[in-house]
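The chain below stands alone, shown as structure tokens; this is the form predicted on its own.
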Amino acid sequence: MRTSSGSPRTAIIGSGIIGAALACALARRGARVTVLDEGIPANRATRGSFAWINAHRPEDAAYFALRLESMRLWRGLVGEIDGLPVRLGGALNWEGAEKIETLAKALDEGGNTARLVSRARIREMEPALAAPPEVAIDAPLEGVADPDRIAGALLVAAAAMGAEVRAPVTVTGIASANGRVTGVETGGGPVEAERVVVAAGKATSALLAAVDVPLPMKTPLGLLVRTAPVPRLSQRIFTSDELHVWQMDDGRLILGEDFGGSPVASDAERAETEERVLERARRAFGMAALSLDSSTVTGRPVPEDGYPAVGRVPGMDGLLVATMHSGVTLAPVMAREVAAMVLDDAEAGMLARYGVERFGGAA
């Protein structure tokens, strides 16, 4: 696809799932877009993610609706981009048994198709589980993205439509004049742009601080375990009070004590956690011969109140931000909405409550 000479030149800082999805959305519309990353593209927070695509927190109707819309968009992307490493195989959840009936009802009534299934039915659905729970929530619309390949696949699709990816390149600042961005300063020289989107994960806060915009963030570390490949156990995700698990296409299991991983403070604690998580998985699958392949300890980019920070940055025309936890779930809807802001000067719409201005700073 040829880019449109009339669209604003857009630089995206960060090539994780959010930056890659945005590059793809912009390039699809013929925009002139350059993605900048300081390391190997798509190689940090996304690779350390549990990569679960879901719509949870139905008690927050607006946020729940945002996640549902993004799930719908994921299904569309799977049909549009050949070989996209996404599997929408469903999930079984029996976390928090005392609230499971209420949660199933709220999920289903909110639009994330869900039903309660009995132990007998779970045995039929998932024969590899050694001790199925008495009851679980079956959520057939949920899925996973391959954390090793998903951002890279979106970048490849974006490049095929005209986007440019520059990496490794060190971003040293955001250039501006008279209250408007003019591009990005890098160790290799300036990159001119009329729009700059900061999608740099946990580095976003420092980049915005340099232009006097506060974005308080938490970056909790979480450990996830990967096993050596084993024969196929399931296409679904399993989530319980002790273990979250799903199996990649190459046969490896991704394991965590929850989807964010386990906090670790030392090498000894890391080794203990790896073995504890592996042992829980062995028991879950009837003492399956599971061994450690690798583990990741990743800092998750979480704005202080837990919600996304996305949209225009006040006080600086042409500067936008897009950073959040649950980036894998939210990537398609964030990309669509931010692309509309960049190319159409669209209002924030369903993203209005997630603007960075809620943290104070320039009006």
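Counting begins at 1, following the sequence as shown. Treat the numbers as computed from the prediction; the structure is a model and nothing was measured.
One more form of this protein, predicted in complex with a small molecule, exists but is not displayed; see below.
Visitor: Although the partner isn't part of this model, could you tell me whether V211 comes within 4.5 Å of the small molecule in the model of the complex, counting any heavy atom of the residue?
Guide: Heavy-atom contact with the small molecule at 4.5 Å: absent for V211.
Visitor: Should A193 be counted as a contact of the small molecule in the model of the complex, where contact means heavy atoms within 4.5 Å?
Guide: No.
Visitor: Wondering, does D37 line up within 4.5 Å of the small molecule in the model of the complex on heavy atoms?
Guide: Close contact exists here: in the model of the complex, D37 approaches the small molecule to within 4.5 Å, heavy atoms only.
Visitor: Hey, in the model of the complex, does W52 get a heavy atom within 4.5 angstroms of the small molecule?
Guide: Taking the distances in the model of the complex, the answer for W52 is yes, it comes within 4.5 Å of the small molecule.
Visitor: Quick check: do L84, A163 and A335 each get a heavy atom within 4.5 Å of the small molecule in the model of the complex?
Guide: Not a single residue of the candidate spot has a heavy atom within 4.5 Å of the small molecule in the model of the complex.
Visitor: Given that the small molecule is left out here, which of P58, G48, G318, G30 has a heavy atom within 4.5 Å of it in the model of the complex?
Guide: Checking each option against the small molecule in the model of the complex, the one that comes within 4.5 Å is G48.
Visitor: Work out which of the listed stretches, 125 to 133, 218 to 226, 274 to 282, 110 to 118, brings a heavy atom within 4.5 angstroms of the small molecule in the model of the complex.
Guide: Correct option: 218 to 226.
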